[in-house]
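A lone chain, given as structure tokens: the form predicted on its own.
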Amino acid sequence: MIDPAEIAAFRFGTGLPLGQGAPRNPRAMLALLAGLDAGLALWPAPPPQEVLDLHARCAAGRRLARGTPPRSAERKAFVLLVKEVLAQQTLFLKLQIARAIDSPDGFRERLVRFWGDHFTTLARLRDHRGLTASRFDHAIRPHVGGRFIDLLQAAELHPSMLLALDQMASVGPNSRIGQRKGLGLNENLAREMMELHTLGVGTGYSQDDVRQLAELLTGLGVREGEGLAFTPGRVEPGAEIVLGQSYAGEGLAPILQVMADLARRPETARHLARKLAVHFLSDTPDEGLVDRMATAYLDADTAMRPMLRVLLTDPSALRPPLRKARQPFDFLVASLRALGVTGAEVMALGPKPFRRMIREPLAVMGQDWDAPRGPDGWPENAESWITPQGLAARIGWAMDVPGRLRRETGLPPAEQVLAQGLGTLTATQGGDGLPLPALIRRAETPREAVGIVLASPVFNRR
């Protein structure tokens, strides 16, 4: 009989085995989410100022190198700064993996990834990649157990979002700076805030609402070494009307208010509820469940735990079959957990081994780290992930990398990987219609036996 706690670990967590302190029911999962961030306590992030300082140094280095000969001292110095930024970006990836392996609060780790994808930002320059990766820890992680209003404001005002959407190019046409320099609006941030982050596409807002919101957002920008900046001289004067509501005032106050109002809209509630249900349960979620989640969210003034409680306690939440495909990041984390790899071992991997065994395989499987194909993030449907190329990459990784990762300590027996990684799902059918235990007994080598477990259809579902 399949253990519901293990279904939860697949569907809502980072995989098996269930370690000490890991929740075994929805109530325990929600209690952990309401408490301290265990993953962050285990593996702290670089502070925001450290990330901002490196970004500022790299931006200054780019300016100094511009127009100099290819082998100039300025160019060489800039290359070294870019390498620092890319190393910082890799550090944030390592931290995400280490927390997903070590933290008992797998649901929180999954939510950090979900909301990071919801608020996708694409680095426009290599200089920005550290900032872009840092948003998971500095804008998303502190709010995944709280109110969506706070999460929305933190994500939209994070420097990575403002840089990615070129908000600094948005100037009120009638502002002091706009009139002097002949500059105008950039609607990117306003459009994505409505279409992707709150209301959803085709939910009744107009192009005029987008433009009015863009005018309201003028003044927002990024100051090197400081982060979020507000420049009054760029602000479009007068009140703006968004979805029938007038917004006026100085500084950030009207901007924060319009985001709070967008977060409280019924359209936003349904958009978020549907995305969560699709991500965790099914590509075609039950409409009644979506309605109940949206109602719980609105009744709690955008607090997300009541909405998540409805999701986790739905009769379908802990019931087989596993319908969703594990995305490459989730597949690699679950594989490392099944192999007994620790967060410390991941953090200790040198740049080349980490790149060859983790970073590059992620890209080959179709999920290059923090680089989705567009601002709407990664696709959810299984067909996008279980492709011939993607499957070949997973099978190749499963057959090759575990042995390399465990070269010094020795590859664990396939029976142990099977028990740790699949628990009560071990009797699920594999290839040739045989249960997995029978298939691994047929394997010619220990490496192949472990690969069969990790490449099996059930292991690649959640």
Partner chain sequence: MADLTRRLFLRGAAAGVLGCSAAAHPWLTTVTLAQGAPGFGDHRLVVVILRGAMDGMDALRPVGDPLFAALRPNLAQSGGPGLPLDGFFELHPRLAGLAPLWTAEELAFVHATSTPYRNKRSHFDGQDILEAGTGLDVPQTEVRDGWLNRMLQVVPGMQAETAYAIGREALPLLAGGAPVRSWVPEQRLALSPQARLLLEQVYHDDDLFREAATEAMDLADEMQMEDLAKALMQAEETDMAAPVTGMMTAPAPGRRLADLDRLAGFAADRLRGESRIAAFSISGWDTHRKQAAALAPSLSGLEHLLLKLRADLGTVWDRTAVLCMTEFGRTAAENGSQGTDHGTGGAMVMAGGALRGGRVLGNWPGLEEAALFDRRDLMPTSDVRAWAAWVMRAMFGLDRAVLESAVFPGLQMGDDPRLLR
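Positions refer to the first chain, counted from 1. Nothing here was measured: the structure is a model prediction, and the numbers come from that model.
This protein has a second form, the form predicted together with its partner chain, left out of what is shown; the following refers to that one.
Colleague: Is residue 201 close enough to touch its partner chain in the predicted bound form, meaning at least one heavy atom pair within 4.5 Å?
Modeller: Although its partner chain is absent here, residue 201 would touch it in the predicted bound form, with heavy atoms inside 4.5 Å.
Colleague: Answer for residue 34 alone: is it within 4.5 Å of its partner chain in the predicted bound form, judged on heavy atom distances?
Modeller: No, residue 34 is distant from the partner.
Colleague: Consider residue 244 of the chain shown here, and say whether it contacts its partner chain in the predicted bound form, taking contact as heavy atoms within 4.5 Å.
Modeller: It does not: once its partner chain is placed as it appears in the predicted bound form, residue 244 has no heavy atom within 4.5 Å of it.
Colleague: Is there a non-hydrogen atom of residue 301 within 4.5 angstroms of a non-hydrogen atom of its partner chain in the predicted bound form?
Modeller: Residue 301 lies outside the contact set for its partner chain.
Colleague: Can you pick out, from 260, 318, 91, 183, the residue that has a heavy atom within 4.5 Å of its partner chain in the predicted bound form?
Modeller: The residue from 260, 318, 91, 183 that makes the contact is 183.
Colleague: Give me the residue from 360, 380, 345, 314 that has a heavy atom within 4.5 Å of its partner chain in the predicted bound form.
Modeller: If I apply the 4.5 Å criterion carefully, the residue I get is 360.
Colleague: Give a yes or no on whether every one of 169, 388 and 400 sits within 4.5 angstroms of its partner chain in the predicted bound form by heavy atom.
Modeller: Heavy-atom distance to its partner chain in the predicted bound form: all three under 4.5 Å.
Colleague: Please identify, from 188-196, 305-313, 110-118, 138-146, the stretch that has a heavy atom within 4.5 Å of its partner chain in the predicted bound form.
Modeller: In short, 188-196.
Colleague: Though the partner is not shown here, which residues of 65-80 have a heavy atom within 4.5 Å of its partner chain in the predicted bound form?
Modeller: Sequence-ordered list: 65, 66, 75, 78, 79.
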